[in-house]
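Taking the form predicted on its own, here's one chain by itself in structure tokens.
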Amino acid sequence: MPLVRQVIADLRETVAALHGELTRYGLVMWTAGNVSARVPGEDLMVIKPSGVAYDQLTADTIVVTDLHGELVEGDLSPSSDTAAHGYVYRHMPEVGGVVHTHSAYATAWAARGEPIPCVLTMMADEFGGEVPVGPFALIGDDSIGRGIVETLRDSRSPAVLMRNHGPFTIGSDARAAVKAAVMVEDVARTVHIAHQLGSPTGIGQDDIDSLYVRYRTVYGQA
């Protein structure tokens, strides 16, 4: 148990700090948006509290819940998106982090109910194809989580545009999910600009597959 306590304490520090990346990259406004992380080996997660300003977030304000959204540790109410995060963790055991934002360009694609087409090599690298659209779902229960899982379970994309809502991203840990949130906003903006200029040129599936594999096996440091 002392080891689990230390893991939770470390995750609360990490998740509090990662919310700063959302503001750094302009992905959130006011108190909207959230980052969560699964507690490895436990049916627990840490997540942002509801309605708390980003500049007030500390490790102590980050709350711990079970994977059904019941508060386990903390003095504040968990995010209104907690049920969605928990559903993802319960049904996608490979996921260690979930992020939700209302970043402007990605959310604009969600409002149109339109996937972001794979017209950039960076999209092939990061998303393995288009960024898909998930179904419309109301906040308050696990409906959003079901839509995320149904859309991403058979997709290489770590991001989904929930219709009329905004992007949710997943990752092996919370940092990877934050990276996906940053990248989906970047490509959403670039592809929007490309559409303003004309008709973007798509990338063939074989090339998408090659780029996706290369990025995971060659890019970066060993």
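What you see is a predicted model; the values in this text were computed from it and never measured. Residue numbers here begin at 1 and follow the sequence given.
Note that the form predicted in complex with another copy of the chain isn't included here; everything after this is about it.
Under a 4.5 angstroms non-hydrogen atom cutoff, another copy of the chain in the predicted bound form lacks Leu67 among its neighbouring residues.
In the predicted bound form, another copy of the chain sits within 4.5 Å of a heavy atom belonging to Ser50. Contact annotation for Ala17: none of its heavy atoms lies within 4.5 Å of another copy of the chain in the predicted bound form.
Looking at Val119, you'd find a heavy atom of it within 4.5 angstroms of another copy of the chain in the predicted bound form. Taking another copy of the chain as it sits in the predicted bound form, the stretch 192 to 222 comes within 4.5 angstroms of it through a non-hydrogen atom at His192, Ile193, Ala194, His195, Gln196, Leu197, Gly198, Ser199, Pro200, Thr201, Gly202, Ile203, Asp207, Ser210, Leu211, Arg214, Tyr219, Gly220, Gln221.
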